[in-house]
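First, one chain by itself: the form predicted alone, in structure tokens.
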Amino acid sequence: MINTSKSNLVFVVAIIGLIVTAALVLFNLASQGHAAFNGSNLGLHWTFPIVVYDYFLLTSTGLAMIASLMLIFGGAHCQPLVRRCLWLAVAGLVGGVSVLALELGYPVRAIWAIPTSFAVTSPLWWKVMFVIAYVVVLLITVNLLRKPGEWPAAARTSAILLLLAALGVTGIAGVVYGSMTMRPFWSSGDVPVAFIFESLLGGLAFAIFFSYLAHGFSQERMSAPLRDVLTGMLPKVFALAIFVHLMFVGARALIGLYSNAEGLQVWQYLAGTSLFHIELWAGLVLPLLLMLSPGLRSNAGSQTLAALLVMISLFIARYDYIIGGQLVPMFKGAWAPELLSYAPSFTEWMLLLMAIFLANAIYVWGEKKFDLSWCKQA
């Protein structure tokens, strides 16, 4: 049973927050232009809005991958989770793309200029192509499953295409960063694979958290099939995903700390920051311990806390990866410092809040409109 009062409260707060933050962002961009962002001509060009966009985009593809896998291999008992993941993927995608549009400055030109440039040797061009395909297939899949009831026969085919598109977007996003050899902090052959696992982990965390949010953080309010999924296999898969991502983070940090390669000295700086330790210990190790404990991993409070901590950890990780990769100036001279410094501007913080409010408003509207918790009872 959906907690209607909390859903209405979340929707009202999200709409008010969206109006206020969007107004502040638009006013600052109109009066300051791109100077409202704290970029640097010394080489720090992709700032906080790109962090926010990438975080929302990869969360969206992770949710789509989980929904697709459940649609392909799961049974009817997965319906509430599948439909919620799909709609969350839409909400996250809209939130992230809206931030990118405001960061680009002239997004309308990008819509036609990028596809028609046919820059087939550029990973970014392929990323845009896959994002377009992903959006189309995601909307088709959502439309097929928008009504509660039996899944149509075409849904499985659509899920397979959605899985391929989501994997393509996520993997190529990793290629974009991993292929930049002039940025040693970014460049590595394992980055596309790491992005896919990170995306899946984010999708699991959002699916768990928003399933509890929709039911007032109470398992008793859930349908029996959804409760069985959340207390059965899902927390174990969540623990495995946290462990795999933790191995990626730990291995990259250890290699970076012990390397003397130019560009990797950023790891020594990052390892000394509070954010990195929050990401590692509070955002990954603690949730992993919660999900490994047989007595805690089925508990609603433990799952909600673990999911929330992982969501925060992944955002910090995205920030450290994108900003950290640009802290070493590419063309250093006597005029350039050893490491650049960066902190998000007021406008950039408002863009993050705007994306959160927008995504939540869309999600709550869809939760009520499409009855996402519906499930065929045994």
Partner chain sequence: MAKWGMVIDLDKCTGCQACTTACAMENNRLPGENWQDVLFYTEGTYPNVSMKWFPRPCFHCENPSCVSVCPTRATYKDPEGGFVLIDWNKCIGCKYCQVACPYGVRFFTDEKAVVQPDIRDVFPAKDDRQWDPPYKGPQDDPSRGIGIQPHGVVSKCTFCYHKVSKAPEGVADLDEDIPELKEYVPGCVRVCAPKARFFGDLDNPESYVNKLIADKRGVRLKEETGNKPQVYYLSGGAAAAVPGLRSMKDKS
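Positions refer to the first chain, counted from 1. None of these values were measured; they are calculated from a predicted model.
There is another form of the same protein, the form predicted together with the partner chain; it is not shown, and what comes next is about it.
Is it the case that residue 349, even though its partner is missing from this view, gets within 4.5 Å of the partner chain in the model of the complex, heavy atoms only? Contact check for residue 349: no, nothing within 4.5 Å of the partner chain in the model of the complex.
is_contact(residue 270, the partner chain) in the model of the complex, heavy atom dist at most 4.5 Å: Residue 270 lies outside the contact set for the partner chain.
Answer for residue 73 alone: is it within 4.5 Å of the partner chain in the model of the complex, judged on heavy atom distances? No.
Contact test in the model of the complex: residue 183 vs the partner chain, heavy atoms, 4.5 Å: Answer yes; at least one heavy atom of residue 183 falls within 4.5 Å of the partner chain in the model of the complex.
Looking at 98, 265, 223, 158, which has any heavy atom no more than 4.5 Å from the partner chain in the model of the complex? For this set of options, the contacting one is 265.
Report the stretch among 201-209, 242-250, 223-231, 105-113 that approaches the partner chain in the model of the complex to within 4.5 Å, counting heavy atoms only. Comparing against the partner chain in the model of the complex, the contact stretch is 105-113.
If you apply a 4.5 angstroms heavy atom cut-off, which residues in 118-137 are near the partner chain in the model of the complex? Counting only heavy atoms within 4.5 Å of the partner chain in the model of the complex, the contacting residues of 118-137 are 118, 119, 120, 121, 122, 123, 124, 125.
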